[in-house]
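Here you'll find one protein chain in two forms, each presented separately as structure tokens under the names structure 1 and structure 2.
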Structure 1
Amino acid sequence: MAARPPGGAASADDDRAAHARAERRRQILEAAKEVFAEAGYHEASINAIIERAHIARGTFYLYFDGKAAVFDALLDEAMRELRARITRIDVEDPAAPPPHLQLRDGLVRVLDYVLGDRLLATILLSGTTATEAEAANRAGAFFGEVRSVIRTALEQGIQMKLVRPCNVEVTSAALLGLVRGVVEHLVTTASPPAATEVVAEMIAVALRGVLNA
């Protein structure tokens, strides 16, 4: 029988332990997401999160320092997921789809993610209107980063001559407002239209406005 490589058993145990820690952290985040979405940041409590996650208080503090740390972790995860779905438009590869189709597909990926997690969308939308400054500041910082992503995309589009020269600060704020308004409408709608239909309308508004001309 072949000898087990040195450290093989320990490595396997470490992998299992790391997986268990990741699963427990995910369990806490999912419970916190439900509590924040239902109660709002101000009314949400660590006790409620602990009860929803079915864990001991000591276990919670092994992963997070407090309520703010869990809230931050949810926003950080949302930003990572959004960035993963936003890709630069390829105008150099002849085999690449036309730029407007690449833009559409990217927006559909983003919208599918947001609408696929309505609890998270509710937290993001309610965070900026929270009466507690701590939550409002954190949610504001999140949307500030989203606006930065939009601004960078506009700057790249201008360089590639896909976007007309514009005030990128004002335009990125306007586009962010459009996205937030659409998400708020869809989250509160019982039977929202498909993401492809919504994105087509958003692109039409962004490119042509609403005038019948």
Structure 2
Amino acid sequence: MAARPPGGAASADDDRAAHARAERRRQILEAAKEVFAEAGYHEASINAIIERAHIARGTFYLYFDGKAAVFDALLDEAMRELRARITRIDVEDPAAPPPHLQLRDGLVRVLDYVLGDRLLATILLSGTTATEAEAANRAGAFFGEVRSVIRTALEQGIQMKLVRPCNVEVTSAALLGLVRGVVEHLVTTASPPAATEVVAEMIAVALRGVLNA
């Protein structure tokens, strides 16, 4: 189901149909995004989704296999977008910007996205707990990836004497938490500050801590 009709040569009609289909899909995804962000996976009902999307029950199942499938699609979207914004810090290419700028730019990209789609971020943050097994695993795996990126950065930094020696397991967990904490704050704050300002604070804390001098 929910599959594009096959066919090699795409006529103008096919294009139009595919476009309409994609729009419909988006419409459902947007409605589902709102519902999931407000109510969480379990409290969300297909009913609420189709009402908000102004479609009939059957239409929903024309585009998604079920509740889990829409949730997965949303999760995937969030993860895909974020993955594209999270890049490992390049310390070898001499043409690359200095590491702290790479870090800053990456975080700005991430927070910009988060601020631009707070509902989606909410869903991702909630994705690790209390949802159906598969989605939880997927979201868990995603944060595992992110932590892995952080861990690697720490290890490289230590080797280059930029970072002081530390327990990378604990520290990477701490830094991931730090970012998540800030994201959660931004997502739930009515009028959040600009991403660049927030990032400056985050980096200051992460790199130099809160102590004076």
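Just so we're on the same page, residue numbers count up from 1 along structure 1's sequence. We call the rigid core whatever largest set of C-alpha positions still superposes within 1.5 Å between the two forms. A quick note: this is a predicted structure, and the numbers were derived from the prediction, not measured.
Form assignment for the chain places structure 2 as the one matching the criterion, namely the form predicted together with the DNA. Residue displacement note: residue 113 has its CA displaced by under 2 Å between the two structures (rigid core superposed). Taking 2 Å as the criterion, residue 153 counts as shifted between the two structures: its C-alpha moves by at least this amount when the rigid core is aligned. In the core-superposed comparison between the two structures, the C-alpha atom of residue 78 has shifted by less than 2 angstroms. The two forms, fitted on their core, place the C-alpha of residue 164 4.6 Å apart, compared between the two structures.
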